[in-house]
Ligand SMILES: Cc1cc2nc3c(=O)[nH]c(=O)nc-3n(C[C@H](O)[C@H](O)[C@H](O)COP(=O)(O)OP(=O)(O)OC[C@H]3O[C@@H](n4cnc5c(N)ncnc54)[C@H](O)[C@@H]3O)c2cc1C
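Single chain ahead, written as structure tokens, the form predicted alone.
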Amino acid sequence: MTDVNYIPSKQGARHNPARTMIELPAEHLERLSSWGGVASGMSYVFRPSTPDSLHEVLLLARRSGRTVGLRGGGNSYGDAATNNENIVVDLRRMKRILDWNPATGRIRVEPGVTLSDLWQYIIEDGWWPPVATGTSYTTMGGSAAMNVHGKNAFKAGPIGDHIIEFDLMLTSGETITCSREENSDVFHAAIGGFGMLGIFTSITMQMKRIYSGLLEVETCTRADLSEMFGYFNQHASESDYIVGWIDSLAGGKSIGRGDVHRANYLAPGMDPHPAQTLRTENQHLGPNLFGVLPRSVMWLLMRPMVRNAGMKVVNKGKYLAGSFSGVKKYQQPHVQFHFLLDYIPDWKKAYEPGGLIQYQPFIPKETAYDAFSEILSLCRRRGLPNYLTVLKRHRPDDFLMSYAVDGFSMAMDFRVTDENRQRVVWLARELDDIVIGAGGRFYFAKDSTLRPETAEAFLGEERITRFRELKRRCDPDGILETDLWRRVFG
């Protein structure tokens, strides 16, 4: 196979003029980027507000000979929500709460409802989303399509485990209802199927009952990766959430050192004022960091530090501050614990102009420690340490294109520049070999570098064949495509 740059450059894919039947309106032509900013291109963007107007876009795609990619909040780090020189359907205007039962916690929403919309709608009734990503700006449609997870993945699994049923519009315009009992094969493939089988028009989910707007939180530092794993193994059974931050620039005996945060829900009666702590105004992050610095300008202060020397100072300072503090226990609002990526708005701008990619492997518990040790060491040897490393614990699930394992994941943010772009690609290939050798998997919501042969190695030929058969059934003309689909499966 020839050497191909799998982190796309900032120009679009070539258009096949043989497919064009009618011209699309130029006023819909926009530049879209991956969330990490590494890839971008021009697409015809449509923003339907109803299922009927969504169907009209599908008809237009057929007449124009273009493919359709789906986009929610645009939070996928790579090219999962871009479709260069073709059509992109932005679903954020389809954001209605269709039904809510505060007695049972069952809710039915349109795909454009964000996690922020969701928690604000339900929290004062004593409910919380069962799975929360690191940002509150993900949409429910995108979350289902990627089968996202949170800091409680080891206990609650991915969002798909809490979806009861959904309505899926096929490219023919027909809408089918899918659940574990009805159209079960499509149900287990469309969740985590990255938008390639159909378009969610409604999603019914079960929320989590809570008795306080606060969580009991414990934080401490661990001196190396062995201690980090030991903490997870010791406390997983008694925690509702656990997440670790790793100082990836530390080497030698300190490799894998970092902070661990774990949290638990408050039991009934533990919060003397639940009506107050559950109010939305007592959950928001507020406009200033530490009550002084405007969050909106923090990315500018970060920018000079986003390089190896600067991040070494930042990471070491963070670790030492945690070490001096020792074990800390406190209560914290749900929003402040969960949405760490929202603390500094537009923080990704600190990585401009090149942007960033995230590499997140999922590795079984039996091989995770050795694999992650090797990964952290290799990144240092190649002179490409990642600047933000997050460790989580996971459990398996029964979805067709699952990334989950009974083990751990390690999400790593890499800065991309014109000078290091090809080196990052080569590093990703070396990391792929480590992950596959350890029996690991990959997550399409984060991926920017995966190759077809690597995808087949972790999914298996049989699983991919089953998915392709379902795609032919649900989308026989291949209308639904993205840059990710073409890169990995096309």
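Note that the structure is predicted; figures quoted are calculated from it, not measured. Residue numbers here begin at 1 and follow the sequence given.
Just so you know, the form predicted in complex with the named molecule exists too; it's not on screen, but the next bit is about it.
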property: Non-hydrogen atom within 4.5 Å of the named molecule in the predicted bound form for each of I163, I242 and F408; result: no
property: The single option of V424, L70, V38, V435 touching the named molecule in the predicted bound form, heavy atom within 4.5 Å; result: L70
property: Residue (of Y77, W127, F372, F232) lying close to the named molecule in the predicted bound form, criterion heavy atoms within 4.5 Å; result: Y77
property: Listed range touching the named molecule, judged in the predicted bound form by heavy atoms within 4.5 Å, from 119 to 127, 79 to 87, 416 to 424, 303 to 311; result: 79 to 87
property: Partner contact for S212 in the predicted bound form: the named molecule, 4.5 angstroms, heavy atom; result: no
property: L341: touches the named molecule in the predicted bound form, heavy atom cutoff 4.5 angstroms; result: yes
property: Non-hydrogen atom contact R393 with the named molecule in the predicted bound form at 4.5 angstroms; result: no
property: Contact test in the predicted bound form: Y359 vs the named molecule, heavy atoms, 4.5 Å; result: no
property: Residues within 4.5 Å of the named molecule in the predicted bound form, restricted to 471 to 490 and counted by heavy atom; result: T482
